[in-house]
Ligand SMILES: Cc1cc2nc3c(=O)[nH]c(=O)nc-3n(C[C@H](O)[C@H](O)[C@H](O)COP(=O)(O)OP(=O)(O)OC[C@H]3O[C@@H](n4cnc5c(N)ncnc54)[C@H](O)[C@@H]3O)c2cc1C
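The chain that follows stands alone, in the form predicted alone, written as structure tokens.
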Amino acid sequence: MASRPSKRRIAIIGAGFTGSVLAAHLLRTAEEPTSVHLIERAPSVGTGLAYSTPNSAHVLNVRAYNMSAFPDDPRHFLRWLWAQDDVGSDDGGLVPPSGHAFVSRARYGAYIQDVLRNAQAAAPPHVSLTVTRAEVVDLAQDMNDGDGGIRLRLGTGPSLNVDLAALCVGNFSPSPPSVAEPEVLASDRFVAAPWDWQALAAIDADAPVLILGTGLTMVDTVLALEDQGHRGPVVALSRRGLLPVVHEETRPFKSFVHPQVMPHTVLDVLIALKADVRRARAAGLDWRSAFDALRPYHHLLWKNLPMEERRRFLRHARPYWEILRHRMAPEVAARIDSLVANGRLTIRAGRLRALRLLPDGVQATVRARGAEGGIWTRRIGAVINATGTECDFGRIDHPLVRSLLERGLARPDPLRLGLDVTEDGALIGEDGAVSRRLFALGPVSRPPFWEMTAVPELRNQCTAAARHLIGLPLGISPLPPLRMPRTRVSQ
């Protein structure tokens, strides 16, 4: 029988919100000798893509009250904010006691960095944190011994041996439109990722711009263009041309959901939700109060929907759910409304049919939706892909992702929402086996839950995952050499 290791070794791959908060919870939770290795390829930890924006106009899409890193201390972020001497400098004024304010994402990134720093400072002597700036490009596990360890190969050359590994790799850039000519994608006229600040800054200030997508990513992109002095017209295009709605302060409301009587069709959910909205309005409340009352039950609703009903939701209801669920801060919505009113921003509904490179720009061809109908063509100076992050891991060309899929250690979920995982985050391999050593958390673990992108869900997951990882029994087995992948997964 294998002896118990003298020290538990846990690797966290990715140090954005999920990775950093998971590390903080492990430092607080571990009661036995534990070494935590936090590996991040970016220069800093705690910010990730979401909170590394340099633009103070990019604010949180969730009010400050709901942004604590600790589910058992909901006012933690508020207290941190109130303790800052310059809390009102770039956040539109002081944060009120209700916490109904939307502060800058950069400030929230600083908060997460403080959370990790303080957790490390307060950690007991038997728990350690090592932060490594590197990219994990390959991962091997002993396939002949369920209690075998894991070897991570870093892009810098060395390898790291650990007992457990948690993938907290966040979001990936959207896939390019299939109708675009290769010459367009290879040119500087096409901005592949909307958070590529250098590429956005290089766009000519007078150039007409086409943004693919009309969600919150588009909103951020428009604000970034405006704040860098862009003067040209901007067209935002999506299949339905839907804009996110604006946040308003909500009040407590009792949802229709009862855990012992769950709806089993999307139609039943929508009918019950509409009834809740009517009840809320009759009580003098906004519809948002009824919609937000449903949030604690999203995971339970999704779990109880059969696979075909989940597919039906994704085909028909998802775009409308997204704009109601993921809203704009009031000050952001006011700017967007102003740009639309003065003609600087146009929202169009339609399907992109072609992107062709011209000597002086790009020609976009679109089939309009609805009453407009027909085909329209326009010459534009730049195209920005803001269609949302790529969730289909069969299409993601990332070294570690490819390694996991090619080795059979992971697989995309059937709905292509992320990696196939259990509710504990354990990776499910190509053969359907549940890993005892490899876990995925954050947006990549969305499939069992549907909602796993916002802080309230992520912090709960990190808290539970820390307890789970600390409680797993470990044995010692020799690590295998890194094996060559068996087959490549098609793009």
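Each residue number is its position in the shown sequence, starting from 1. Note that the structure is a prediction, hence the values are computed from the model and not measured.
Form predicted together with the named molecule: not shown, discussed below.
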Distance check, A349 to the named molecule in the model of the complex, heavy atom within 4.5 Å
no
Can Y111 be called a contact residue for the named molecule in the model of the complex at 4.5 Å between heavy atoms?
no
Contact test in the model of the complex: M67 vs the named molecule, heavy atoms, 4.5 Å
yes
Would you classify A23 as touching the named molecule in the model of the complex, given a 4.5 Å non-hydrogen atom cut-off?
no
Of W195, F190, F313, Y297, the only residue with a heavy atom within 4.5 Å of the named molecule in the model of the complex is W195
Consider the chain as shown here, without its partner, and state which of A42, A464, V434, A57 has a heavy atom within 4.5 Å of the named molecule in the model of the complex.
A42
Scan 450-470 and note down the residues that get a heavy atom within 4.5 Å of the named molecule in the model of the complex; none is a fine answer too.
T453, A454, V455, P456, L458
